[in-house]
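One chain comes next, on its own, written as structure tokens: the form predicted on its own.
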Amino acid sequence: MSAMLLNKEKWPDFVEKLAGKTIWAPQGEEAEMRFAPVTEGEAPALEYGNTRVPPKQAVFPQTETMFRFQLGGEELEIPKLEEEAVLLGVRPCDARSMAIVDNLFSWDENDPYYFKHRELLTLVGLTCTEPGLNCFCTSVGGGPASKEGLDLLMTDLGDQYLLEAITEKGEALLKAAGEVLEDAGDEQIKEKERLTEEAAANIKRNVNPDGIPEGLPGLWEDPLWQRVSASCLGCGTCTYLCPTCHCFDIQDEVEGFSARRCRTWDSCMFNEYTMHTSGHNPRPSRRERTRNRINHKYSYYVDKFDVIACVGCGRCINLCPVNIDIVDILRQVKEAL
């Protein structure tokens, strides 16, 4: 693994070396921060915490055209994905979420749309030195400087960034930057380790997931589900802003004699998500839907892929309009077990 230093005054030169690739980076006001393609003259907002909306749209767009067709025709027009992209300043929890979701989109066979985006994407991470109020990544296998899912990891050392290549894609970025970078020494590596340990110690929220995946099925009819879901509005905020949620719907949209098939994000917290054509709904209330959400992340996904489908980013806690807290739910699960 190569480690280099980038003086912040040379940041524009580093970004210039990425020419030819679409650069996704955090943009906007702090409360509304989200990843979006950077246009000329815009600067990534790397000094803030995690974005409100996760960057999963770079590989799993909220609405994606699968193909276009003419009514009565036989040929399909399939969009071509050819442009390389760089996700710049992604937090380790969000990068790790992509590695986790890779399992789902490669189940049985690879999803060609998702993995084409993944193939063309290079993930440049940014170590978390100031965890958020509701971060709990260390409880679910992550950490402020986790490298899982990343190609390159940056750490803010004040006047410099420490850049550590993790994959061949990351090595290629360092090589392309060339003279813009300088070699890192032991002093910078030790400072990065100090900042990482300090950040991990500052994560105040935690829950021990041991026993939860195996125990959840036994709590199917437990009163806790009615209790923790009582205030839920069914708005879907927790799933739309979750970096590992991946449910989607597929629809055909018709305009005249032209049409397209597209997939769009969906949410298991919506009443109509499990509605059958017959009118029967196996998850008729918020109780069943909340139970499914927790079981899916902390039991079903673990049983299928041997990893919890939650990275502890805290977004579902921060942005729930009625203050439902997944850490509190998990603690109640532990108590019930």
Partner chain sequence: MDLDKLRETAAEVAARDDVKYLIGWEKGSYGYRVAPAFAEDADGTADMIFSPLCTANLATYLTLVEKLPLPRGQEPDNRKVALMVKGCDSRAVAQLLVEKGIHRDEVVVIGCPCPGMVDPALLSEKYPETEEIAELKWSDDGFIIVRNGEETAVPREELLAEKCRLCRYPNPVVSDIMLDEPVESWEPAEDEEVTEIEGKEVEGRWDYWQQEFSNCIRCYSCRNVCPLCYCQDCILDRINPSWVFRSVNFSENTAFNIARAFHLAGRCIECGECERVCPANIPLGKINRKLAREVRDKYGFEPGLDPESEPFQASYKPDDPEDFIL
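Positions refer to the first chain, counted from 1. Remember, predicted model here, so these are calculated numbers, not experimental data.
Just so it is clear, the following notes concern the form predicted together with its partner chain, a form of the same protein that is not shown.
Among heavy atoms of Ile23, none comes within 4.5 Å of its partner chain in the model of the complex. In the model of the complex, none of the heavy atoms of Val307 sits within 4.5 Å of a heavy atom of its partner chain. Interface membership of Pro37, defined by any non-hydrogen atom within 4.5 Å of its partner chain in the model of the complex, is ruled out. A residue is said to contact a partner when one of its heavy atoms sits within 4.5 Å of a partner heavy atom; Asn110 fails this definition for its partner chain in the model of the complex, lying far away.
A single residue from the set Leu71, Leu76, Ala230, Leu81 has any heavy atom within 4.5 angstroms of its partner chain in the model of the complex; that residue is Ala230.
If you check its partner chain in the model of the complex, you find no heavy atom from any of Met66, Thr244 and Lys297 within 4.5 Å.
Heavy atoms closer than or equal to 4.5 Å to its partner chain in the model of the complex belong, across 223 to 257, to the residues Ala230, Ser231, Cys232, Leu233, Gly234, Cys235, Gly236, Thr237, Tyr240, Leu241, Asp249, Gln251, Glu253, Val254, Glu255, ordered by sequence position.
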